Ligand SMILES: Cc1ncc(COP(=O)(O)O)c(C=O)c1O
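Only one chain is included here, represented as C-alpha cells and corresponding to the form predicted on its own.
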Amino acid sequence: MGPAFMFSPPADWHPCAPLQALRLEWLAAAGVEVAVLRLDCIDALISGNKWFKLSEHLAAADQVNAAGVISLGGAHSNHLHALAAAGQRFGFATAGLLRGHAQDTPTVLDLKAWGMHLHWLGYGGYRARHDADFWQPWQARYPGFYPVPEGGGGLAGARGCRVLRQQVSQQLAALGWGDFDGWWLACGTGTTLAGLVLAEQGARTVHGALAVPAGHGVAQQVAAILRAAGAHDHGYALIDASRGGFARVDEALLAFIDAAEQASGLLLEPLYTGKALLALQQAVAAGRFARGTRLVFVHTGGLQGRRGIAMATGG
C-alpha cells in the first residue's frame, strides 16, 4: 500500500487566510460591515476549511504510524479533493469511498491523478457509513489506514478549526477594526462552526447558513461535537440556506452570485459560499443586524467545485 504514513509538511507550511473587507451596496445601505476570511487563498489545491478540518486527523494518523488515510465523500467532494492533494503533496497514501456510481467529474479526475484509491459504494452502500461495522471490511482491505469521517468531521475536525479565531484576531488592526460582533459561514456538516463555537466560548455568536436541509442532522452533529468537547450547546445559530436541498441550485441563486462577484471581485460557488452570502443578504434585509454590526464571513473555499457545476449546467 505504499510507504508508512509520514505527515511531514515543510517547516514553512503554516497556511494563514487573509482577512479582507467586503464592500457591497446592500451592506453599506444597512450600515453592516463584513470582512471575509479568505480560506480559499491559503493554497492552490489544499484549500478552504478542508485543510483545517484535516489537520488534527492527520496528526492523529501520524501518532499511530498509519499506513495511509481513508475517508468518504461524493463525486464533487471538496474534502476528498483536499485529502488527495495533501497525500500527493506530503507523501502519504489515500483511499476514498465515494457516494453513487462511477463517474469522471473534474474532482474525480484530480483524485485519480493524485493517486487516491477510489471505490464507488452506490447510494445504499454509502448510507451505511454510520453503521457500527461499516469500517471493518475497509480496514481489512487497507490495513493500517487511518479512517477519517465524512467531511473531516467530529471533534478532531472541529479542533483543527479553532485556529481561525486567532487568524482573525491577528488581522483586525490592519482592517481598522478594534473588534467584531459575530461570524457567518456556510455549514455542510457543522464541523467548522463547532470549532469556532469552541474557540469563542460564548463571546460571539457563530451564524451557520445551512447548505443542507435540516433533515441532514447538522444540529445534532454540532451538539454531539460540543458535548464531546465538554462544552455547552449554545453560542451559535443555524439558518436554512439550502434552497430546498443539498446541491439545489436555482436561477435566483446564480443571478445573485453573478452580481456579487461582479460587484466585489470575490469568487463564490453555488453549493456553500454562494448560498451563505445570499442568506446573509436576506438576514440583513430583514433587519437581523443593527447598524454598526461587524461580521466575519468565512469563505470556506470549494472553488474547485465550480468546474463540476459548470459542466453540469453547461455554463
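Quick caveat: nothing in here was measured; it's all calculated off a predicted structure. Numbers follow the displayed sequence, beginning with 1.
Although it is not shown, the form predicted together with this ligand is what the next lines describe.
*Asks:* Does Gly188 make contact with this ligand in the model of the complex, using a 4.5 Å heavy atom cut-off?
*Replies:* It does: once this ligand is placed as it appears in the model of the complex, Gly188 has a heavy atom within 4.5 Å of it.
*Asks:* Examine Asn78 and determine whether its closest non-hydrogen atom to this ligand in the model of the complex is within 4.5 angstroms.
*Replies:* Although this ligand is absent here, Asn78 would touch it in the model of the complex, with heavy atoms inside 4.5 Å.
*Asks:* Does at least one non-hydrogen atom of Tyr272 fall within 4.5 angstroms of this ligand in the model of the complex?
*Replies:* So Tyr272 counts as contacting this ligand.
*Asks:* Honest question, do Ser55, His57 and Arg159 all end up within 4.5 Å of this ligand in the model of the complex by heavy atom distance?
*Replies:* So, no: the whole triplet misses this ligand.
*Asks:* Since the chain is shown here on its own, which stretch among 123-131, 89-97, 167-175, 180-188 would lie within 4.5 Å of this ligand in the model of the complex, judged by heavy atoms?
*Replies:* Contact-bearing stretch, as computed: 180-188.
*Asks:* Listed by sequence position, which residues of 47-61 have a non-hydrogen atom within 4.5 angstroms of this ligand in the model of the complex?
*Replies:* Those in contact are Asn49, Lys50, Lys53.
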